Structure formats: C-alpha cells, structure tokens
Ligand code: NAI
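Here we start with a single chain on its own, the form predicted on its own, put down as structure tokens.
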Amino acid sequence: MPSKIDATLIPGDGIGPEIVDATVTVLDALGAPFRWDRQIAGLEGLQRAGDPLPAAALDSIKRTRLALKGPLETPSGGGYRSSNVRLREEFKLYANLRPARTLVPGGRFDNIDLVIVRENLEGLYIGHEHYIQIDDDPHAVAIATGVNTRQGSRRLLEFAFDHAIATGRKKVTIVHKANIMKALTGIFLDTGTELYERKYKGRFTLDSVIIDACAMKLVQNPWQFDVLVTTNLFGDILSDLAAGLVGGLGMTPGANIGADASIFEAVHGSAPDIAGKGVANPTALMLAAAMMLDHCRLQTQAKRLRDAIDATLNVDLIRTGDLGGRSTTAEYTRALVARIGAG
C-alpha cells in the first residue's frame, strides 16, 4: 500500500461541493492514498474569508504541491479577478493539459481521442490592459498587450513533446496565427520547429496549422489530430471546442502542471442553477482525479477509475441527466463504487 500523499482539496462553488464529495467517495473506494487538506476559494472564499483566494488555501498548496479543485465562480466584466488565473500565476502552472476522449458512443462525433496542451501564463491572458479617454468617454479605446517569451514557449513545447512520447502519441500539431500575429505567435511556432529539429525529430510527426483553419478542421475531421499544442487564448478556445466533440465540458478534465505545484480540476463552471439539486455530473472531476493519480504514478488506480466510468456509462447505462439519463449524482457515484468493488 503506498504511503499517504498530502493533497489540497478545494470544493469550490455551486455544484463544486457535490462533485468533489462524489469524487472523494470514488477515490476512497479505489484506496487512493490522498490525505486531504480541505480549503475554500472562489465566492465561498470571498464570503467567509474576505478573499476569493485566501492565504490559507495558498499556504496549503505551497505545502502539498498537489491539489484537486471544483469550479470557482468568477464574475464577468467586473468584480474580483479570476482565482483560477491567480492560481496559475502563483504556482507557475505553465501547462494546461486538456484531453478530450469519447466516453459515450453514438454522438455526432465518435472515437475522439485528442489532447490539447495550452500555454497557461503568457499571451493575451497576462492582463496588461488599459483604456484611453477621448473627449468625455473614459473607455473610448481599449488596449491589450500580449507577451510570449522564448523561454515560456520552449518550456511548454518541451512539456507537450515529452507528454506525447510518454503516452505513445504519434503526431503533434502546433497551432498558431503567425501569418498575422507574426511576432506574438511566430515566436511560439519558430521555437517549436527549432526544438523538434534539434531534440525530438523522428520520435513523432510534427506539423502546424493556423488557428482558424484548425477550428474548421476540428469540426470537419477531428480524427486527423492527435496532440494540439498552442498559446494561451487559442488553447482556451480549442479545448472548449474539443470538449464539444465528446459531449461537453461535463466530460472533460483538466490538469495545470507547473514548476511549483500541480492542480487538477473540472474545467466546467460552477452551474449555480443546478447546485443542491443532486443532478450534477461529476465525471469531469473524476477524470481529473484519474489524471492526478497518473501524475502521482498510481497508474493502476487511474486505469481502474477510467474503466469503472466507462462501464458505468456504457454497460450499466447509469447516466446523469446531461447525458440523457435519469440518475442522480449519488446514484451515479454508488454505481461507480460498485464497479470498482467488482473489479
């Protein structure tokens, strides 16, 4: 039995506590060795501690360097800054890993198995924005500055290339807009091409595609792609697009890997409209937990979890309402626990 692994647990807002409790129940059934330190953040952090990312939560992650988190509510247009962005910056979570795999067959797209690797700290998401006043309008002009660095690009590309090799992927596609944003995304494309030629050539196939063409190709023929690696904004858009190919954000996990910590999460929102109703789908967070198990070199337990999810959805046909079923969160969780026990 592996020794205990300290990890931070952030239930989050909305449906977060429900799907986090379901995921912890399933991890306990697997015998996963996590020793949880529960912390608050997001809207709950603001209400209870006066900060959407309280110092106690940051201190916990600094200590454990490992976290599983539910969705955190962020207001649009105003209010406080995204806690997710703050976490990425605080712990230098430079790589956002977003797999998209078909779990329930028979949809518009089938047999999808993609991985999107998104740069997490640079680009247009660094938040260098300001307004310029003209006449009486203080917001007459809005300006944003994007920043991509050679070092940041190389770090993310090396992660993507190494992940492709470690997981047996055959092809990596660099997604860019270097035809127009020649400096901002050209540096990313040039760095990836040079890195491949110098260090990785022959270990997988490398190609590149412009972002708008990539979006079109993903909905025409997604099977032509294997691993997509790209900059921050493009990765945000493409990872949600890829989620749509496999049934939506409720089916897609995310991992934020960094120099100082790794944080695993459901990438969907807090869904306050269904919070407390017992109908939330915890699959995305459970798949994030499977990625967390892989990260901790507990691949056997990760496979058992993924196999149990596949069997519960497709053999037992126990599904939550968003997947066309009638099961509650608790019923789905009990079915998963039964599958793990039977295995």
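If you're wondering where the values come from, they're calculated on a predicted model, not measured in any experiment. In case it trips you up, residue 1 is the first one in the sequence shown, and so on.
We do not show the form predicted in complex with this ligand, though everything after this point is about it.
Practice task
Please check if Lys177 has a heavy atom lying within 4.5 Å of any heavy atom of this ligand in the predicted complex.
Solution key: The answer is no: Lys177 has no heavy atom within 4.5 Å of this ligand.
Practice task
Answer yes if any heavy atom of Arg155 is within 4.5 Å of a heavy atom of this ligand in the predicted complex; otherwise answer no.
Solution key: Output for Arg155 is no: heavy atoms all beyond 4.5 Å of this ligand.
Exercise for the section: Examine Ile274 and determine whether its closest non-hydrogen atom to this ligand in the predicted complex is within 4.5 angstroms. Expected result: Contact check for Ile274: yes, within 4.5 Å of this ligand in the predicted complex.
Exercise for the section: Report yes if any heavy atom of Val117 sits within 4.5 Å of a heavy atom of this ligand in the predicted complex; otherwise report no. Expected result: No, no contact at 4.5 Å.
Exercise for the section: Choose one stretch from 105 to 113, 122 to 130, 145 to 153, 243 to 251: the one whose residues place a heavy atom within 4.5 angstroms of this ligand in the predicted complex. Expected result: Contact-bearing stretch, as computed: 243 to 251.
Exercise for the section: Have a look at Asn84, Ser262, Thr173, Asn232 for me and say which one sits with a heavy atom within 4.5 Å of this ligand in the predicted complex. Expected result: Contact check passes for Asn84.
Practice task
Heavy atom within 4.5 Å of this ligand in the predicted complex: which of Leu93, Val227, Val267, Leu189 fits that? Just give me the one.
Solution key: Selected residue: Val267.
Exercise for the section: Taking this ligand as it sits in the predicted complex, which residues of 151 to 185 have a non-hydrogen atom within 4.5 Å of it? Please list them. Expected result: Not one residue comes within 4.5 Å of the partner.
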